[in-house]
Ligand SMILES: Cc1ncc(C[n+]2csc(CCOP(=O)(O)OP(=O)(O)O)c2C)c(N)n1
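The data below hold one chain only, encoded as structure tokens and taken in the form predicted on its own.
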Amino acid sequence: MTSTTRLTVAQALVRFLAAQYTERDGVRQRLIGATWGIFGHGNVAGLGQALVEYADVMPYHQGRNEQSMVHAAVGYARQSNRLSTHAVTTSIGPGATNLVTGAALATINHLPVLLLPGDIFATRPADPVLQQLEVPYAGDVSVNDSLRPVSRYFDRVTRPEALIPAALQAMRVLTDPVETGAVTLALPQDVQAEAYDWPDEFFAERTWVVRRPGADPTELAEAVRVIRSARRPLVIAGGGVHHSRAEEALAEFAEATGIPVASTQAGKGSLRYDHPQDVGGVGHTGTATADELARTADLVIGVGTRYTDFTTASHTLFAGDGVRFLNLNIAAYDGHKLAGLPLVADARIALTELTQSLGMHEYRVADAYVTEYTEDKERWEQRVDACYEADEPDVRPTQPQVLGALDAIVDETDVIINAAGSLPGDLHKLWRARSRDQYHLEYGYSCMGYEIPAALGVKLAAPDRPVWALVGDGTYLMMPTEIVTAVQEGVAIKILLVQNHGYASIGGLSEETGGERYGTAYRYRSDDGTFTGAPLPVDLAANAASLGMRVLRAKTVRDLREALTEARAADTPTCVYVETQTADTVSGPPPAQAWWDVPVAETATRSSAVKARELYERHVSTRRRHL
């Protein structure tokens, strides 16, 4: 007879989650490392009580904003190579709907996170209850259904016994390298507190092996044939290189063949910046070196990339006659993009197989090609030096000079986190990534407000490493709340807060597309009603200090260097605040080296929009469909 233990649904779920493990390459670790929670009537007596009951096996973190709790869990998951993540519990109602943005970010970036929102009563003792969405045509819909399109798996546990298959399916998706993303188990508040006799096997330790599928022999042979025929091949390294821990395999492939490697935002750092084959970021925010190679490539080898519009310059970048695509990806969906030849496999295994097969044929690109991209790379590095250099240390820095000051003090142990604004473009072009996980850019969703909570998650996963959240004023105002959590928990994150008085990135884009920077500056209204008056007297440094953070103000380049050095050595949460010199421009780095499609008004009376449309039509004419 099967032995059982009587627990509530919430207690059983916490016990179950504490016993789940992942294993890859012989390394085993907890799948759910901790649970974040904000409690309300929808979860306080269920999961809240269960987390108290089992605090010895399930660590708990107190969040301040439901969306930011998801961001923190995602940061933890990425730093943990997707092999470990956190759960997030909220009440029903606004707490649950606040999860949607974070869930979308997780799913778009293929990063695992478990969401446990409370839900309306399954037994309908009163109808409607507090925070219940009434839908006249459906009695089983709640606000949690808004999480369905942004979740890789969704279930509503309306009976205690339904938790067993739901929980197992949730773990399957979280640990699947193709399917992973946000997983939602909606938990009706009455069911959470209901008792049930659970089979003890449900609580036994369970290890989920994260697969490394090899390449199909036919696809591998075709990939080798196509590469051998290429004269100007280019690798585009995406986030899948990092997820697979394929950096060494990629370096061996590049060194053996001489093929240059460009990187997406998610893939940057796949090779160190000073590796001979690394040519920097590619696409709209890429380097001149990588983008010129992309324009003239006859074969593009995508490794773990989704080919987003920034990478392809909205399908205008790969302009070579007869250019072909070879897509090494663990997901068949991405492997078939751009009508490419698919090589559906784990990146590390397939790159190793390619290197071995090409070595047997003694394939290597021509020396002239290596010389070409090597010299171009040296010229780009000189441009980076010029952007970073500050001849006058006693003046206010530009944004690139801010990055240059940070670049001068970090080493391979530092982690740099960013997501939105003008910083991603500057970082993709200019940052010199020193390790595989130093460059942490969330650009699949480019979510303002991600950086600070993500830094908290990364620091929890890597407590001995300096972790920097790089934020502009616009992003900071979106979500500074987890500063309180960092102070409470003593998590020594570092914030580099850049004040440029508005949405600098969108301001520049607005100007380019005929919008004249309308509504993008943080300024008083002028007499004509536009926001072109003096900057607002908002003191963000004082705000960070009021939340408990130590703040260092830097007025000049010299001040900045000293403040960054002090912050890096600090063992408490520390913010470096600096106003940049070019507050009314984008940032002053080299301009975009490739296009990005942002549709411009087809008809307008203002000359700025008319001119922008003319330029837009010239760029659109260069778009091609790769068939």
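The numbering used is simple: start at 1 and walk along the sequence shown. The model shown is predicted, which means the values in this text are computed figures rather than measured ones.
What comes next is about the form predicted together with the named molecule, which does not appear here.
Chemist: Out of 466-474, 383-391, 211-219, 249-257, where are the residues with a heavy atom within 4.5 Å of the named molecule in the model of the complex?
Modeler: Only one stretch passes the 4.5 Å heavy-atom test: 466-474.
Chemist: Name the single residue among Thr481, Asn543, Ser446, Thr556 that comes within 4.5 Å of the named molecule in the model of the complex, judging by heavy atoms.
Modeler: After the contact test, the surviving option is Ser446.
Chemist: Given that the named molecule is left out here, which of Met549, Ala504, Leu147, Leu299 has a heavy atom within 4.5 Å of it in the model of the complex?
Modeler: Partner contact (heavy atom, 4.5 Å) among the options: Ala504.
Chemist: Mark Leu427 yes when one of its heavy atoms lies within 4.5 Å of a heavy atom of the named molecule in the model of the complex, and no otherwise.
Modeler: So Leu427 does not count as contacting the named molecule.
Chemist: At the 4.5 Å heavy atom threshold, is Asn329 in contact with the named molecule in the model of the complex?
Modeler: Flag for Asn329 set to no.
Chemist: With a 4.5 Å heavy atom cut-off, would you call Ser263 a contact of the named molecule in the model of the complex?
Modeler: Flag for Ser263 set to no.
Chemist: Answer for Pro117 alone: is it within 4.5 Å of the named molecule in the model of the complex, judged on heavy atom distances?
Modeler: Residue-level check for Pro117: no, no contact with the named molecule.
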